[in-house]
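We give structure tokens for two forms of one protein chain below, kept apart as structure 1 and structure 2.
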Structure 1
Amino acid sequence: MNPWERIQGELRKALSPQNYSTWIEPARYGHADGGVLFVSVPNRTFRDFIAQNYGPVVEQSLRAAAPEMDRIEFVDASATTRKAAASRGAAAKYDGKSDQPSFDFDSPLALLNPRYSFDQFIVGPSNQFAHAAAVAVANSPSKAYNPLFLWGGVGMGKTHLLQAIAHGIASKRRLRLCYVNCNQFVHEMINSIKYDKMISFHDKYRNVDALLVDDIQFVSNKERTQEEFFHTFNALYESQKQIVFTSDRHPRDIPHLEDRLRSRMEWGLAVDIQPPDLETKVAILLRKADAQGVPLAEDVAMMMASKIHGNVRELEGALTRLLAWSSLTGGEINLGTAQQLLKGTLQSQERRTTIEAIQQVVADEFRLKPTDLKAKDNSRKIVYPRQVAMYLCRELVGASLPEIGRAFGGKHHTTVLHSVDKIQEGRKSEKELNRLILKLTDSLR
């Protein structure tokens, strides 16, 4: 594991998932020279944004994960590309205005993780349909499913499949490919408006053969962004170009999404990715350990898969800890060692809040019975506590909307979504509600 990968492990814990995936994950290890770690980022926007917003946390992560290095130097990969283009007589593609955003197509795979390929994706019952649809799109862009909409919880493999599609398309044909995280799209659009570069912005996103957008749910509440996506979608779809989206929820469940954009997202195929079963999690652990060249006993993988109930990223984080220990000490990873090294993680998993515990605590607070929260009773004295409980289930347990609905007497997932959104919005202005949520949260930990 190179120094940058170790540092990324620290940054993943320090930053929110969306900020990490947008700004840190695309960065690539370059080389180390004289105590300086050189890391390549897609363009100047990335380099400046990381320096201005994440400088202190990057330095802290450097000291924690790679103390042998003195500092990190982020290198603008697009500048290197422009120099190469100039040497080929293609410098006219760059206007020399370095303070303005530039959109470069010479490196369409610059944002992709080389490990996110179909070969490295573990297929199981929970993701088999999504995997098959992704392979079909990669093999026949704009002919199989268009648009393709992949949705599911955090750490279920949506980004992996999206990038695998990109790798598949790029490896088979000379097509203009654009892969972007929704937050990056928003950031580029804002800069384009600021610097009067909307023509260049439209050229980038509306003149491609395949547009792949990660985390499209972040267009929620962004009217101007939704308008741009709407027109971009129309331009590409009418030209029979491939469009792929990922989201943490189905298009119909994305709040504050314009109906015209929602309907277009549902034109093709929307397929969900469920949490992996035990056997799939074991296979993931064994495959990733093998990729690192470190043997992992099956009983260790079974223990981890059965005791770590979070998403795949949590499972991978635990494995990274074991592999780092083995790499640094040369020790063998056996069951006893794994249990000792992961003691804190396993204990936190055992203490993890459950839906049943939330229902009991909320019922006690409102002097109800847990069964009251599951009843078909829509009176105010039941609906409000139920909404609070559903919100806590989403926030503290991370349960899916259908899972929460089933736990509350078979409520439809749209009812759950409405409840979660209502409590979330209420916390912004209602001090009593906010205090109640904090009180209940503390009692559950």
Structure 2
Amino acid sequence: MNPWERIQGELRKALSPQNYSTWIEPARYGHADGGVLFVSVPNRTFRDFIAQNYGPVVEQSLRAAAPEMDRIEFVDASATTRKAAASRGAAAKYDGKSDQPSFDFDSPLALLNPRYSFDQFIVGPSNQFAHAAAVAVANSPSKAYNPLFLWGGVGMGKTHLLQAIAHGIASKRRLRLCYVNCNQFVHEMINSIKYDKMISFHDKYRNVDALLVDDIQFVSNKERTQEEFFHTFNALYESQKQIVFTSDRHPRDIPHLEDRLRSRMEWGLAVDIQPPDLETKVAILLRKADAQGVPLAEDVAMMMASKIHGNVRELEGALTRLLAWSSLTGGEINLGTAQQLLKGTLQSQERRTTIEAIQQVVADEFRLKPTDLKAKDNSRKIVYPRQVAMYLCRELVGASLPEIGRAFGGKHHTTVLHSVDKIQEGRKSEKELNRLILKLTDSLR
């Protein structure tokens, strides 16, 4: 497999199937030269779209799947053809470089998505508090809340807010800023140990004015990384530097986390982001379409927001599909064309299963009654099926922990979390359990 194919493998996991097949699949491996990977894309629209929208995720995938490469250059295949044609004509001059943007991964701002600014963030009741805290930190780093800990489910805008803080800090002052995804931190640390470069690693992370770490929940289980974070945290905190974390859960719910690190995460302010309500979803869609320069009718936005129940990222995936179709064919996006284009997405939303259906299927599998799963009974023959059912509710319905707790006879959300984690972990090593989950999932679709 060439490096680009490996990177594609990572991207496939990170992006929705739609976005992946629209924008990434058509990109082809060109060649590699001195740490630069040349990837050819069909035309300028692709190149710009990838650069504008997928810079950070491409970078992360590069680090994960092809660490031997320094950067990627996306080459517009149609321009290369023009260039070849032009170079045959005597007078034609073509400076191939000026036309090809590439990602400079060494600059901290290069890792940021320019669209993830406060301007582009829609505020609603579900994210108001998190947004206000983020703005306060961007305006007065190290003075407002330190550390700031933003947490919430997938696709709720945590990364967006974190990068908005970074843009905010960077635009106002000449502060040294470090924005890093937790996995990238782990990866760099391992490499630094391997190549005996821990000193420069420490320098990089301990000599900044603001350290922003995305998805800190990934430190779970990683002892050495936790130790490194602990010392980094202390060094920064003592010299009054700003620290911001995001996580998919509250510090108290991150498993296998050292107490001393957990307590530091809770020193400042922890705020959660809840799923957006209908109006906020509509506003997000309208703003996103507008940012791409395509008008979106309100009835179309309303239809999408009310029928797509997943997170904002799923909503965006659907919008991207509409915009891609309209930009490639010149067609008009209206209620009819939108419904047609989103048929697959809408159908799978309708087929989305319910907590009740899961309880029924799991109860049948274990020869129990659904009410058994909700009982106060903690015998092994009930607890295990209940854990499986709770796990499926989280995976297939995307229900919140408290919601699942209530549906199972008022269990505490930490019990739900423990069950979900237990099954998730178990699946990795127990083949039988994994097969059971797949079978149940299948029968629910």
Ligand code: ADP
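We call the rigid core whatever largest set of C-alpha positions still superposes within 1.5 Å between the two forms. Residue 1 is the first residue of structure 1, and the numbers go on in sequence order from there. Everything quoted here is computed from the prediction, not taken from an experiment.
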Assignment: the form predicted on its own: 1
R71 C-alpha relocation of at least 2 Å between structure 1 and structure 2, rigid core basis: yes
Backbone CA shift between structure 1 and structure 2, I50, after core fitting (angstrom): 14.8
Rigid-core-superposed Cα shift at K431 between structure 1 and structure 2, Å: 4.6
